[in-house]
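Just the one chain here, laid out as C-alpha coordinates, in the form predicted on its own.
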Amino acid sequence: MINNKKINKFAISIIEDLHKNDFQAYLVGGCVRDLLCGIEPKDFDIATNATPNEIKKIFKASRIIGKRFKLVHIYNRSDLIEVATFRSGDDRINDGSLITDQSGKILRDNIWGTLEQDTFRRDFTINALYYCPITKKIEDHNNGIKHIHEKIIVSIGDPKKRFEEDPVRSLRAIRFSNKLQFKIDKSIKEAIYEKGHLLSNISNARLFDEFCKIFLNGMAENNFNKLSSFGLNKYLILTSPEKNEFTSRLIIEALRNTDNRLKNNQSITPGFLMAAVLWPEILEKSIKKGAINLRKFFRSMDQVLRKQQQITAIPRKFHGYIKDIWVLQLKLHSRIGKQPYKTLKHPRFRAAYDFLLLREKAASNKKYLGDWWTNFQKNDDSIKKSLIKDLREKNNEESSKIFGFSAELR
(Lines give C-alpha, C1' and ligand atoms only; values in the text may rest on other atoms or scores of the structure.)
Protein backbone atom coordinates (compact mmCIF):
# COMPACT_ATOMS: atom_id res chain seq x y z
CA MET A 1 0.00 0.00 0.00
CA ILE A 2 2.93 2.33 0.76
CA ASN A 3 6.09 2.44 -1.37
CA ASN A 4 9.16 2.59 0.90
CA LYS A 5 11.14 4.25 -1.89
CA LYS A 6 9.11 7.40 -1.22
CA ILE A 7 10.19 7.45 2.43
CA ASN A 8 13.20 9.38 3.73
CA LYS A 9 16.10 6.90 4.11
CA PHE A 10 17.32 8.59 7.29
CA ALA A 11 13.88 8.16 8.87
CA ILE A 12 13.92 4.45 8.00
CA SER A 13 17.40 4.06 9.51
CA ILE A 14 16.21 5.66 12.78
CA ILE A 15 13.32 3.20 12.99
CA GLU A 16 15.71 0.32 12.32
CA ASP A 17 18.04 1.47 15.12
CA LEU A 18 15.13 1.79 17.57
CA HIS A 19 13.98 -1.74 16.65
CA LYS A 20 17.51 -3.07 17.20
CA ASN A 21 17.32 -1.61 20.72
CA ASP A 22 14.03 -3.46 21.36
CA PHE A 23 11.75 -0.44 21.00
CA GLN A 24 8.63 -0.01 18.88
CA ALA A 25 8.88 2.71 16.22
CA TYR A 26 6.60 3.90 13.44
CA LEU A 27 6.24 6.67 10.93
CA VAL A 28 3.20 8.58 12.10
CA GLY A 29 0.68 11.27 11.20
CA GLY A 30 0.86 13.49 8.16
CA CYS A 31 3.56 11.58 6.29
CA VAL A 32 1.55 8.32 6.40
CA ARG A 33 -1.65 10.17 5.48
CA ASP A 34 0.01 11.92 2.54
CA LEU A 35 1.64 8.72 1.26
CA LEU A 36 -1.79 7.04 1.25
CA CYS A 37 -3.27 10.07 -0.53
CA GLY A 38 -0.59 10.09 -3.24
CA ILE A 39 1.01 13.29 -1.93
CA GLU A 40 4.76 13.60 -1.43
CA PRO A 41 5.36 14.17 2.32
CA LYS A 42 7.43 17.17 3.41
CA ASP A 43 8.25 15.82 6.86
CA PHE A 44 8.69 12.34 8.29
CA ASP A 45 7.76 12.13 11.97
CA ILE A 46 8.38 9.08 14.12
CA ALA A 47 6.56 7.78 17.21
CA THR A 48 8.09 5.27 19.60
CA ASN A 49 7.71 3.76 23.07
CA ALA A 50 11.27 4.89 23.90
CA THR A 51 11.38 7.90 26.22
CA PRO A 52 13.24 11.07 25.16
CA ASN A 53 16.19 10.18 27.39
CA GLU A 54 16.34 6.65 25.97
CA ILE A 55 16.24 8.02 22.42
CA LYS A 56 19.01 10.48 23.26
CA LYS A 57 21.26 7.62 24.47
CA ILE A 58 20.85 5.73 21.17
CA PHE A 59 21.45 8.71 18.85
CA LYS A 60 24.43 10.94 19.56
CA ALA A 61 23.39 13.57 17.02
CA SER A 62 20.15 14.46 18.81
CA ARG A 63 18.66 16.90 21.29
CA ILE A 64 15.57 17.00 23.49
CA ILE A 65 13.30 19.99 22.87
CA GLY A 66 10.04 21.38 24.23
CA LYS A 67 8.27 21.68 27.56
CA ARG A 68 4.63 21.39 26.52
CA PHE A 69 5.52 18.26 24.54
CA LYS A 70 9.00 16.84 24.98
CA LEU A 71 10.36 15.67 21.63
CA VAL A 72 13.71 14.56 20.26
CA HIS A 73 15.28 15.99 17.11
CA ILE A 74 17.67 13.57 15.43
CA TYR A 75 19.78 14.99 12.66
CA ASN A 76 22.50 14.31 10.12
CA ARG A 77 24.10 16.62 7.56
CA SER A 78 20.99 17.07 5.44
CA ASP A 79 17.96 15.90 7.46
CA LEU A 80 16.24 16.51 10.76
CA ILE A 81 13.71 13.95 11.96
CA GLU A 82 11.34 14.56 14.88
CA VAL A 83 10.77 11.62 17.22
CA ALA A 84 7.97 11.62 19.80
CA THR A 85 7.27 9.19 22.62
CA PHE A 86 3.84 7.51 22.75
CA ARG A 87 1.63 9.53 25.09
CA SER A 88 -1.34 8.61 27.21
CA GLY A 89 -2.86 12.00 27.97
CA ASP A 90 -4.80 10.29 30.76
CA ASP A 91 -5.03 12.61 33.76
CA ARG A 92 -6.13 9.70 35.99
CA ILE A 93 -2.46 8.67 36.13
CA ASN A 94 -1.27 12.25 36.23
CA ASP A 95 1.89 12.87 38.21
CA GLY A 96 2.08 16.51 37.22
CA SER A 97 3.16 15.73 33.67
CA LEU A 98 -0.24 16.65 32.24
CA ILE A 99 -1.16 20.27 32.90
CA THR A 100 -4.27 22.00 31.56
CA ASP A 101 -5.81 25.43 32.08
CA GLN A 102 -9.38 26.13 33.21
CA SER A 103 -10.79 25.69 29.69
CA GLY A 104 -9.13 22.29 29.35
CA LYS A 105 -6.42 23.50 26.93
CA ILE A 106 -3.30 21.35 27.29
CA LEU A 107 -0.36 23.31 28.65
CA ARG A 108 1.95 20.34 29.15
CA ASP A 109 1.55 16.68 28.22
CA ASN A 110 4.43 14.32 28.99
CA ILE A 111 2.58 11.27 30.30
CA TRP A 112 4.06 8.34 28.37
CA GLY A 113 1.76 5.60 27.13
CA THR A 114 1.27 2.79 24.63
CA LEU A 115 0.73 2.96 20.87
CA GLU A 116 -3.00 2.32 21.39
CA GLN A 117 -3.26 5.18 23.90
CA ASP A 118 -1.25 7.46 21.60
CA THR A 119 -3.63 6.89 18.69
CA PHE A 120 -6.60 8.18 20.69
CA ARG A 121 -4.97 11.46 21.71
CA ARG A 122 -4.34 12.56 18.11
CA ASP A 123 -6.65 15.09 16.53
CA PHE A 124 -8.20 13.46 13.44
CA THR A 125 -8.54 9.86 12.33
CA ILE A 126 -6.56 10.44 9.14
CA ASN A 127 -3.61 11.62 11.26
CA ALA A 128 -3.69 8.62 13.61
CA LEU A 129 -2.04 6.16 11.22
CA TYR A 130 1.23 4.42 12.15
CA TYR A 131 3.35 2.73 9.49
CA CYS A 132 6.33 0.46 10.03
CA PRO A 133 8.56 0.47 6.91
CA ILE A 134 10.25 -2.74 8.12
CA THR A 135 7.14 -4.92 8.54
CA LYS A 136 5.19 -2.79 6.02
CA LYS A 137 2.15 -2.88 8.30
CA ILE A 138 -0.17 0.03 9.16
CA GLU A 139 -1.65 0.43 12.64
CA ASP A 140 -5.11 1.99 12.29
CA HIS A 141 -7.24 2.10 15.46
CA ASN A 142 -9.63 4.87 14.39
CA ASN A 143 -10.78 3.99 10.86
CA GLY A 144 -8.35 6.49 9.37
CA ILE A 145 -7.88 4.51 6.15
CA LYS A 146 -11.66 4.25 5.74
CA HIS A 147 -12.02 8.03 6.14
CA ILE A 148 -9.22 8.64 3.62
CA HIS A 149 -11.17 6.57 1.10
CA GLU A 150 -14.36 8.50 2.01
CA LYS A 151 -12.44 11.81 1.78
CA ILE A 152 -13.68 13.19 5.09
CA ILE A 153 -12.05 14.84 8.15
CA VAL A 154 -13.32 13.11 11.31
CA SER A 155 -12.37 13.95 14.89
CA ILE A 156 -11.07 11.37 17.35
CA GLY A 157 -13.46 11.84 20.25
CA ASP A 158 -15.82 14.76 20.82
CA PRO A 159 -14.46 17.62 18.68
CA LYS A 160 -15.78 20.27 21.09
CA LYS A 161 -13.75 18.77 23.92
CA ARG A 162 -10.74 18.21 21.65
CA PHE A 163 -10.84 21.85 20.46
CA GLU A 164 -10.98 22.98 24.09
CA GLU A 165 -7.80 20.98 24.70
CA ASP A 166 -6.14 22.61 21.69
CA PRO A 167 -8.08 25.31 19.78
CA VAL A 168 -5.53 25.23 16.91
CA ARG A 169 -7.19 21.98 15.82
CA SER A 170 -9.95 24.09 14.25
CA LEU A 171 -7.36 25.70 11.95
CA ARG A 172 -5.81 22.32 11.18
CA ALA A 173 -9.19 20.89 10.16
CA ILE A 174 -9.65 23.70 7.64
CA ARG A 175 -6.10 23.40 6.33
CA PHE A 176 -6.31 19.62 5.86
CA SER A 177 -9.71 19.93 4.22
CA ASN A 178 -8.35 22.20 1.49
CA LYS A 179 -5.01 20.44 1.12
CA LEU A 180 -6.59 17.00 0.67
CA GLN A 181 -9.88 18.15 -0.89
CA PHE A 182 -11.73 16.36 1.93
CA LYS A 183 -15.06 17.35 3.47
CA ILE A 184 -15.21 18.39 7.13
CA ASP A 185 -17.46 16.24 9.30
CA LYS A 186 -20.59 18.05 10.53
CA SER A 187 -19.66 17.67 14.22
CA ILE A 188 -16.30 19.34 13.55
CA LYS A 189 -17.99 22.25 11.77
CA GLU A 190 -20.24 22.76 14.80
CA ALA A 191 -17.22 22.64 17.10
CA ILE A 192 -15.38 25.25 15.01
CA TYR A 193 -18.31 27.65 15.25
CA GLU A 194 -18.73 27.07 19.00
CA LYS A 195 -15.07 26.86 20.10
CA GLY A 196 -13.29 29.01 17.50
CA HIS A 197 -13.15 31.94 19.94
CA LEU A 198 -10.65 29.96 22.06
CA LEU A 199 -8.01 30.79 19.44
CA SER A 200 -7.69 34.15 21.18
CA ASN A 201 -5.98 32.27 24.04
CA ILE A 202 -3.27 30.76 21.80
CA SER A 203 0.23 32.26 21.92
CA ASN A 204 1.12 34.70 19.15
CA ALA A 205 4.22 32.62 18.34
CA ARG A 206 2.16 29.51 17.66
CA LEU A 207 -0.37 31.47 15.61
CA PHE A 208 2.42 32.90 13.44
CA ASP A 209 3.47 29.32 12.75
CA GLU A 210 -0.12 28.51 11.76
CA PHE A 211 -0.27 31.69 9.63
CA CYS A 212 2.70 30.38 7.61
CA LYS A 213 1.27 26.86 7.29
CA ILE A 214 -2.10 28.21 6.15
CA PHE A 215 -1.01 30.99 3.79
CA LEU A 216 2.43 29.93 2.51
CA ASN A 217 1.76 26.42 1.28
CA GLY A 218 -0.06 26.95 -2.01
CA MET A 219 -3.65 27.03 -0.72
CA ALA A 220 -3.72 30.58 0.67
CA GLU A 221 -6.80 31.86 -1.17
CA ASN A 222 -8.88 28.73 -0.50
CA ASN A 223 -7.83 28.65 3.15
CA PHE A 224 -8.67 32.34 3.58
CA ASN A 225 -12.15 31.84 2.10
CA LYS A 226 -12.89 28.85 4.31
CA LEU A 227 -11.54 30.63 7.40
CA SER A 228 -13.80 33.56 6.53
CA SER A 229 -16.84 31.28 6.35
CA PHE A 230 -16.12 30.21 9.95
CA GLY A 231 -15.19 33.73 11.11
CA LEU A 232 -11.63 32.75 12.05
CA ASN A 233 -9.48 35.11 9.96
CA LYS A 234 -9.47 37.70 12.74
CA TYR A 235 -7.34 35.33 14.84
CA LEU A 236 -4.57 35.47 12.21
CA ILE A 237 -4.90 38.83 10.45
CA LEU A 238 -5.50 42.27 11.96
CA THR A 239 -7.11 43.72 8.82
CA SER A 240 -10.80 43.05 8.33
CA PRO A 241 -11.62 42.31 4.66
CA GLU A 242 -15.02 43.96 5.23
CA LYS A 243 -13.31 47.35 5.66
CA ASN A 244 -14.00 48.27 2.00
CA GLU A 245 -13.88 46.76 -1.48
CA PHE A 246 -10.23 47.63 -2.01
CA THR A 247 -9.17 45.89 1.21
CA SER A 248 -11.07 42.75 0.32
CA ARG A 249 -9.61 42.67 -3.20
CA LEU A 250 -6.07 43.48 -2.03
CA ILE A 251 -6.03 40.61 0.45
CA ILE A 252 -7.31 38.18 -2.18
CA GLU A 253 -4.81 39.45 -4.78
CA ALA A 254 -1.94 39.10 -2.30
CA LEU A 255 -2.98 35.55 -1.38
CA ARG A 256 -3.47 34.63 -5.04
CA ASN A 257 -0.06 36.09 -5.87
CA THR A 258 1.52 33.94 -3.13
CA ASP A 259 -0.14 30.80 -4.50
CA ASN A 260 0.96 31.60 -8.05
CA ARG A 261 4.56 32.23 -7.00
CA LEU A 262 4.68 28.84 -5.30
CA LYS A 263 3.30 27.16 -8.43
CA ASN A 264 6.00 28.89 -10.48
CA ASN A 265 8.75 27.90 -8.00
CA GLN A 266 9.37 31.56 -7.11
CA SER A 267 10.45 32.71 -3.67
CA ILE A 268 7.87 33.74 -1.08
CA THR A 269 8.14 35.35 2.34
CA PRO A 270 5.65 36.00 5.15
CA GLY A 271 7.03 39.56 5.25
CA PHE A 272 5.62 40.43 1.82
CA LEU A 273 2.23 38.93 2.60
CA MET A 274 2.08 40.76 5.94
CA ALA A 275 3.01 44.05 4.24
CA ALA A 276 0.17 43.54 1.76
CA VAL A 277 -2.61 42.55 4.16
CA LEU A 278 -1.70 45.30 6.66
CA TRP A 279 -1.44 48.10 4.06
CA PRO A 280 -5.14 49.12 4.42
CA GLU A 281 -4.52 49.67 8.14
CA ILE A 282 -1.66 52.05 7.30
CA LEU A 283 -3.81 53.95 4.82
CA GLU A 284 -6.71 54.27 7.24
CA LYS A 285 -4.45 55.88 9.84
CA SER A 286 -2.41 58.17 7.58
CA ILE A 287 -4.39 59.28 4.52
CA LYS A 288 -6.67 62.28 4.27
CA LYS A 289 -8.39 63.60 1.15
CA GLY A 290 -6.37 61.20 -0.99
CA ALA A 291 -2.99 62.44 0.26
CA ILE A 292 -0.61 60.87 2.76
CA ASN A 293 0.16 62.68 6.00
CA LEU A 294 3.82 61.72 6.34
CA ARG A 295 3.99 62.15 10.10
CA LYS A 296 0.96 59.91 10.61
CA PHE A 297 2.24 57.46 8.02
CA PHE A 298 5.58 56.83 9.71
CA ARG A 299 4.02 56.79 13.15
CA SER A 300 1.33 54.31 12.12
CA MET A 301 3.83 51.73 10.82
CA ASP A 302 4.97 50.72 14.31
CA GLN A 303 1.43 50.98 15.68
CA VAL A 304 0.05 48.59 13.07
CA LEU A 305 2.92 46.13 13.50
CA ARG A 306 2.43 46.15 17.28
CA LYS A 307 -1.28 45.36 16.88
CA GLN A 308 -0.55 42.52 14.45
CA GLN A 309 2.18 41.34 16.82
CA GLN A 310 -0.46 40.79 19.49
CA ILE A 311 -2.16 38.32 17.13
CA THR A 312 0.81 36.66 15.43
CA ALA A 313 4.42 37.05 16.53
CA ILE A 314 6.09 38.42 13.40
CA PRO A 315 9.83 37.70 13.75
CA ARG A 316 11.90 40.88 14.06
CA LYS A 317 13.84 40.11 10.89
CA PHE A 318 10.67 40.86 8.90
CA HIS A 319 9.86 44.22 10.52
CA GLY A 320 12.38 46.22 8.50
CA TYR A 321 11.41 44.37 5.32
CA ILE A 322 7.72 45.22 5.80
CA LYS A 323 8.43 48.89 6.58
CA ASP A 324 10.69 49.18 3.52
CA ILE A 325 7.88 47.98 1.25
CA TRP A 326 5.48 50.51 2.78
CA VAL A 327 7.88 53.47 2.56
CA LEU A 328 8.81 52.59 -1.00
CA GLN A 329 5.16 52.92 -2.02
CA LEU A 330 5.57 56.67 -1.39
CA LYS A 331 8.86 56.77 -3.28
CA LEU A 332 7.36 54.91 -6.24
CA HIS A 333 4.82 57.74 -6.51
CA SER A 334 7.56 60.38 -6.23
CA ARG A 335 9.50 60.41 -9.51
CA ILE A 336 11.25 63.78 -9.43
CA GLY A 337 14.87 64.35 -10.48
CA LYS A 338 17.25 61.62 -9.30
CA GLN A 339 14.68 59.94 -7.05
CA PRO A 340 13.67 57.17 -9.53
CA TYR A 341 17.33 56.09 -9.85
CA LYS A 342 17.72 55.91 -6.06
CA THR A 343 14.45 53.99 -5.71
CA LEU A 344 15.49 51.51 -8.40
CA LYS A 345 18.72 50.71 -6.50
CA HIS A 346 16.91 50.02 -3.24
CA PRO A 347 17.35 46.35 -2.17
CA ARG A 348 13.58 46.05 -1.63
CA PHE A 349 12.63 47.69 -4.93
CA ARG A 350 11.45 44.48 -6.60
CA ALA A 351 9.17 43.55 -3.70
CA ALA A 352 7.81 47.11 -3.53
CA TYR A 353 7.23 47.17 -7.31
CA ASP A 354 5.37 43.83 -7.14
CA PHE A 355 3.22 45.23 -4.35
CA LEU A 356 2.48 48.37 -6.39
CA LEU A 357 1.10 46.15 -9.17
CA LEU A 358 -1.09 44.34 -6.62
CA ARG A 359 -2.37 47.67 -5.30
CA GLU A 360 -3.29 48.86 -8.78
CA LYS A 361 -5.03 45.59 -9.57
CA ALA A 362 -7.01 45.65 -6.32
CA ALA A 363 -7.98 49.32 -6.77
CA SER A 364 -9.09 48.72 -10.38
CA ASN A 365 -6.69 51.58 -11.05
CA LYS A 366 -5.33 52.46 -14.47
CA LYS A 367 -1.85 50.95 -14.54
CA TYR A 368 -0.19 54.30 -15.26
CA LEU A 369 2.27 54.15 -12.40
CA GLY A 370 2.96 50.42 -12.69
CA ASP A 371 3.54 50.70 -16.43
CA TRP A 372 5.86 53.68 -15.90
CA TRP A 373 8.06 51.71 -13.49
CA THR A 374 7.97 48.65 -15.74
CA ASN A 375 9.36 50.77 -18.61
CA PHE A 376 11.82 52.63 -16.39
CA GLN A 377 13.52 49.55 -14.97
CA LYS A 378 13.87 47.61 -18.22
CA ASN A 379 15.19 50.36 -20.52
CA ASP A 380 18.57 52.04 -20.98
CA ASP A 381 19.62 55.37 -19.47
CA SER A 382 18.53 57.53 -22.42
CA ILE A 383 14.98 56.17 -22.27
CA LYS A 384 14.99 56.52 -18.48
CA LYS A 385 15.80 60.23 -18.89
CA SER A 386 13.07 60.69 -21.47
CA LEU A 387 10.53 59.01 -19.18
CA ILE A 388 11.40 61.45 -16.39
CA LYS A 389 11.32 64.38 -18.82
CA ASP A 390 7.92 63.37 -20.21
CA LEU A 391 6.61 63.04 -16.70
CA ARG A 392 7.77 66.55 -15.80
CA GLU A 393 6.28 68.04 -18.95
CA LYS A 394 2.95 66.31 -18.50
CA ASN A 395 2.88 67.35 -14.84
CA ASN A 396 1.23 64.09 -13.83
CA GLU A 397 3.12 63.73 -10.58
CA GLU A 398 0.60 65.17 -8.15
CA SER A 399 -2.50 63.88 -9.90
CA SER A 400 -1.18 60.32 -10.04
CA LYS A 401 -0.21 60.51 -6.36
CA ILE A 402 -3.68 61.57 -5.28
CA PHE A 403 -5.51 59.16 -7.56
CA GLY A 404 -3.30 56.25 -6.54
CA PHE A 405 -4.13 56.48 -2.85
CA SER A 406 -7.70 57.77 -3.02
CA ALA A 407 -8.67 54.84 -5.23
CA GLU A 408 -7.68 52.53 -2.35
CA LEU A 409 -10.16 54.00 0.09
CA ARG A 410 -13.27 52.95 -1.79
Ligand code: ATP
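Bear in mind the structure is a predicted one, so any value in this text is a computation, not a measurement. In this text, residue numbers run from 1 along the sequence as written.
Note that the form predicted together with the named molecule isn't included here; everything after this is about it.
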> Heavy atoms within 4.5 Å of the named molecule in the model of the complex: which of the stretches 246-254, 318-326, 123-131, 296-304 has them?
Replying inline: 123-131
> Within a 4.5 Å heavy atom cut-off, is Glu54 in contact with the named molecule in the model of the complex?
Replying inline: no
>> Residue-level contact is defined here as any heavy atom of the residue lying within 4.5 Å of the named molecule in the model of the complex; does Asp209 satisfy this criterion?
In response: no
>> Using a 4.5 angstroms cut-off on non-hydrogen atoms, would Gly66 count as touching the named molecule in the model of the complex?
In response: no
> Should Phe176 be counted as a contact of the named molecule in the model of the complex, where contact means heavy atoms within 4.5 Å?
Replying inline: yes
>> Looking at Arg172, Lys183, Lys285, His73 here, can you tell me which has any non-hydrogen atom within 4.5 angstroms of the named molecule in the model of the complex?
In response: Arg172
> Between the options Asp79, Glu194, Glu139, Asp166, which residue brings a heavy atom to within 4.5 Å of the named molecule in the model of the complex?
Replying inline: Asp166
> Taking the named molecule in the model of the complex, which residues of 44-61 have any heavy atom within 4.5 Å of it?
Replying inline: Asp45
